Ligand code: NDP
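The chain below stands alone and is given in structure tokens; this is the form predicted on its own.
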């Protein structure tokens, strides 16, 4: 498999009103293949005219879409899921070009999970009902209604999945969406927009506009947008949340984390090491829910570290388009420089590198999977989100200490516990301040389950029935059947 035989170049920069459109006045955005550093495509940032057109067509399509029954909407979403699955390889190859993630990952974790979301919410669409409240003679009914036009702002690590995680519940509830992918990974979402049209969605229901932060800000502040859903960093989330609040918009913020994994002495060591690998090195560590603070009880600490280093040596680092590769590059030169900077800080502050720590001498943005030991809570690498393949091992003595230290962070996206004692597992999970938790597993996020964080890691939930509450609103109607009594 080579880049030359993959159709990476998009037909145009934006997908608006059911068709690809271009505006040469927009600033050029080069798409860089992380495995080689070469430019594989160029798109243009949306001008105000493009953004305006996207919002206008979305509003028009939303009115028609909301008039369809839930069953009709559901059929469109399920057809889109079927098309995605039929094209999974092509979409996965494009995702690999966009992000640099190995094809061995994208084939099973990206477009396919997007299809899962469209199928799940497509099945839910016909079940979205209100309620009836009997009040003797009078009664009240509540109707679930769409919000209107929603804005989605994506991150660069899972472009296809994020677009579908936002679009699926939004569309199931009768909304339209204008989606801005990350400028780093702009290609994949265009294909999702095209597939939705093929599946029977009205033109304009799901529009894609490219751009930098100014385009996202335009969407977040436009009065035609009823809701903003962002996946991104905490600083970006704070800006977007603040802008949306000024217009009293609904929001979902899925932000960053510095999540803990607690490994107790009695844990199955292979499972615990596997969880640490999934929580630090999958997608080259570029996952918001990663458990980058691995707390290991002292009785297991040395054996855990030894086995972790052994298994990390088994990473196959190479061409992401080769399915034998299990560890690819970081998404960009800037991200690589940022992560290597944290490695330098970790060294300087006294942590010990027991594996990795270096840039790999090859084209592209590769670095070795990196493991620090001797990490203490006050070190920068234990406090700040790195978003790269850097794992910190921290030793602890007892359960209360582990819980207190795990919670001593401004973040609260995810947490994991590895132990054979299920009573302790549930007891510890109940005390951890995180929105998405795992027992004897890590980073498994089925669409059926709500996903999201607490504290600085965000507000709202994606996936599961919970997402419906964030993409719809209730209208309450009191019905009087008797005479109206008034004081005068």
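Numbering follows the first chain given and starts at 1. What you are looking at is a predicted structure, and each value in this text was computed from that prediction instead of being measured.
As for the form predicted together with the ligand, it is not shown, yet the points below apply to it.
The pocket of the shown chain is open, since the ligand, superimposed from its pose in the predicted complex, puts no atom within 2.4 angstroms of any backbone or C-beta atom. Between the ligand and the residues 207, 189, 106, 231, the one pair within 4.5 Å by heavy atoms in the predicted complex involves 231. The partner is absent here; in the predicted complex, the one residue of 181, 320, 291, 389 having a heavy atom within 4.5 Å of the ligand is 181. Using a 4.5 Å cutoff between non-hydrogen atoms, residue 347 does not count as a contact of the ligand in the predicted complex. In the predicted complex, at least one heavy atom of residue 451 sits within 4.5 Å of a heavy atom of the ligand. Although the partner is absent here, residue 412 lies well away from the ligand in the predicted complex, with no heavy atom inside 4.5 Å.
Within 4.5 Å of some heavy atom of the ligand in the predicted complex lies at least one heavy atom of residue 212. The putative spot formed by 56, 176 and 251 is not touched by the ligand in the predicted complex; no residue has a non-hydrogen atom within 4.5 angstroms of it. Heavy atoms within 4.5 Å of the ligand in the predicted complex map, among the stretches 72 to 80, 92 to 100, 107 to 115, 232 to 240, onto 232 to 240 alone. The partner is not shown here, and in the predicted complex the stretch 348 to 381 never reaches within 4.5 angstroms of the ligand through any heavy atom.
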